[in-house]
Structure formats: C-alpha cells, structure tokens
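In structure tokens, one chain follows: the form predicted alone.
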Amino acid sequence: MSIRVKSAAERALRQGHPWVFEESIVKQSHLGGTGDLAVIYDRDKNNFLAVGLYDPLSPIRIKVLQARQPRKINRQFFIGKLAAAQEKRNPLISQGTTGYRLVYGESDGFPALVLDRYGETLVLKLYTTAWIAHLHDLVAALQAALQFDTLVLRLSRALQSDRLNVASLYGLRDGQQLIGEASGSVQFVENGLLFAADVRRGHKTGFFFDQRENRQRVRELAEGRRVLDVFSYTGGFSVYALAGGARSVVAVDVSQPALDALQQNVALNGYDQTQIEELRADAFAGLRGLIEARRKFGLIVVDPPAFANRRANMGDAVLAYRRLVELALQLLAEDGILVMSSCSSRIGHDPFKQLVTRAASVAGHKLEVFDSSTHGLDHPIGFPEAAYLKALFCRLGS
C-alpha cells in the first residue's frame, strides 16, 4: 500500500527515525492488514521515503524496514541485515563470548524484534504480529546467514494476550521451538564465565545480556568485599562478584526459580556455595530486613526492573528509585561502592544521576559518581528511543 504522512513525520524519516505513528498518516491507498508492506512517499515530489511493516493494532502504525533508497523486502534483504548485525558483534565474538544480542530491534533494521544467541541456540522474540506474515522468510534468512542448531520463538506479553489470540490464529506460542530440539536450559560463555539460561520460560529471552559490561566492572571492584546483589535474578552480578574475589555475596530476589538458577550458575563456575546467601524476598522488604539485622556491605548492586514502562508510571518509578537508594545507603560500608542501574527508557542518564544523588542528599549522604555506563556494542543506539540502560558507580563522599 502507498502512504503519505505529515511533514514532521517526513522529516523524521529522512533523519532515520524508524517509526510512523497512526496520527502522522494523512493518506493511504487502502486499508492495510497486519504485516502488509507500507511504502511511504513524500507529498511534494512523490519520491520514495521508506518502506515498513504495517501494524493496524499499534499506535506505531508503520515500523520501518528500509529508508531513503528503495529495496525489495525479501529473504535476501533479511540475510543482508543479519550479516551486518553479525559484523557489528565481531569484536565481542572474537573474545570468546557466546551469549549476546545479535539483533537489537530497530537499531539493527528489525523493528519490534530481537534475536539473542546462546551458544548454538538462537532465541527470536517478536513484539508485533506484523512479523508473523514474514516469519517463513525470516527463518529461512536465519538459516542462510547464521550457524545454529536450535531456534526458539518467544512472544511479548502483548502477543500472548487473549486480545491478539496469536496461538489460535497463527498456531504460535511462547517458548515454541521452530528448529531443533533441546531442553529449555542452555549454556553459554560470557567474559570467560559459564552461565545457563532458561530460554523457553525465563524473563525476556532467558538472560539479560545488556548488563555484560557492568557485570565485568563489578568483577573488577569486588575483591575482598562483602557484596549485596539486589534483584539478583539468576545471579549474573553475583557470579561476577565471586569471580572478582568477593568475600561473600547476599543475593536478593523474590523468585525462588531465579535463585535456584543462581545456585546452578555458581556451581557451573566451581565457586564455593557457602559464599552465597540467598534471600528470597521482595527487594524493599529484603533491604529493610538486612538493615534491621545491622548488616553492612562493601559493594551493593541494585538492578531493578523497568519501573517506568509508561509515562503514567513515572511518579511511582521516581519514588521507587529514591527509596532503593535510601535503603541501600543504610547498608553501605563507609568505604563501600553503590552500583545503581536503571532500564527505564523514560528516565535519561542525566536525570537518573540527579535522582540518585539527590535521594542520597535527602537521606543525609553525599554520593560521588565516579563512573557510569550506557549500552554495550550488542545493544547499539540507532535512534533516541533505543537508549534505556544506564548504570552509576558511586562512593560516599566526605
């Protein structure tokens, strides 16, 4: 179908933005179906602007695949995009790391889609039904461009909802194996450490690759320290802390399956299980309990989930971050290090830094940020909305 959009949307497309919102469309040739290719032309000279996937169920009505120069969208197109994405990750792959994000959505030319590699297993996660019409060509492109044994399909929460009815309409389900046969748990190497992830039922695709560089930084800081890992999930930060020579680790998470997986990852790397203390609790309640027990830690890592997925959640998110800072500082030793992380895209790096340091100030502490980080190379920031991760490394000031 052919599409015309408002002048502001035209400018955004020329600047490389990959989204066209419903309200930006001023004319279209016909009603589009899910996954139809929508070709956008400028209004003055009828020149090609972009082509993308049409999604009538989303306010982001067109998810751009190709801009500026027209290209035929087919299997070869996807193969080329996959080859380019793989090339970006070559520095990481050359280090022997076998777990990483191979496709980071729009930033790699695959809007509303991610592809993670866990050794010889690929995990494809879809965030829109618009990809389903192209799934056959996409899977064929994966087979042509990449070497792997197993391909697992994951579906976003929206796609698993009864409203979209993906299972009945398309015969697809979350955790489905499209190619190969394997158990849900797969192993991979990250910075020389071995991890297992449940790629069929775990959060996201099973592991959080985006924190790789921050985990390595914690490894470098952990020697001789008592470490507290809050929102530990399956123990990424905990294992790295042990690898860095931590005296002990307390891991706090509300999920017992996550803590069980943490123990498995500790064992995979041959570390002493007695160095890990599991605390199954809501993070806020767990921190309060540790404060009551008068515990102190030389390194505290707080890596919460996204508190602000929507603008309406911003107020609650700010309060949650402030409370986490206040609680963590009561547990931090005088010479300790606090690592505060946020994956809430609606809170930028500088506002997050201000939020954390101000929360510390209100609680009677001066907090000095001595290091910070954003995205690793397997999560490239191709447009502003792709930026979400930030981490602050802090010390108590005098």
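The first residue of the shown sequence is 1; numbering continues from there. Every value quoted in this text rests on a predicted model; they were computed, and no experiment measured them.
From this point on, the text means the form predicted together with a small molecule, which you will not see here.
**Student:** So which of 255, 248, 187, 191 gets a non-hydrogen atom within 4.5 Å of the small molecule in the model of the complex?
**Tutor:** Residue within 4.5 Å of the partner: 255.
**Student:** Which residue, 154, 226, 117, 215, is the contact with the small molecule in the model of the complex, using a 4.5 Å heavy atom cutoff?
**Tutor:** Here the answer is residue option 215.
**Student:** Is every one of 203, 282 and 305 in contact with the small molecule in the model of the complex, taking contact as a heavy atom within 4.5 Å?
**Tutor:** So, yes: the whole triplet contacts the small molecule.
**Student:** Pick from 97 to 105, 72 to 80, 133 to 141, 207 to 215: which stretch has a heavy atom within 4.5 Å of the small molecule in the model of the complex?
**Tutor:** It is the stretch 207 to 215.
**Student:** Is there a heavy atom of residue 297 lying 4.5 Å or less from a heavy atom of the small molecule in the model of the complex?
**Tutor:** Residue-level check for residue 297: no, no contact with the small molecule.
**Student:** Residue 231 near the small molecule in the model of the complex, any heavy atom under 4.5 Å?
**Tutor:** Residue 231: yes, in contact with the small molecule in the model of the complex.
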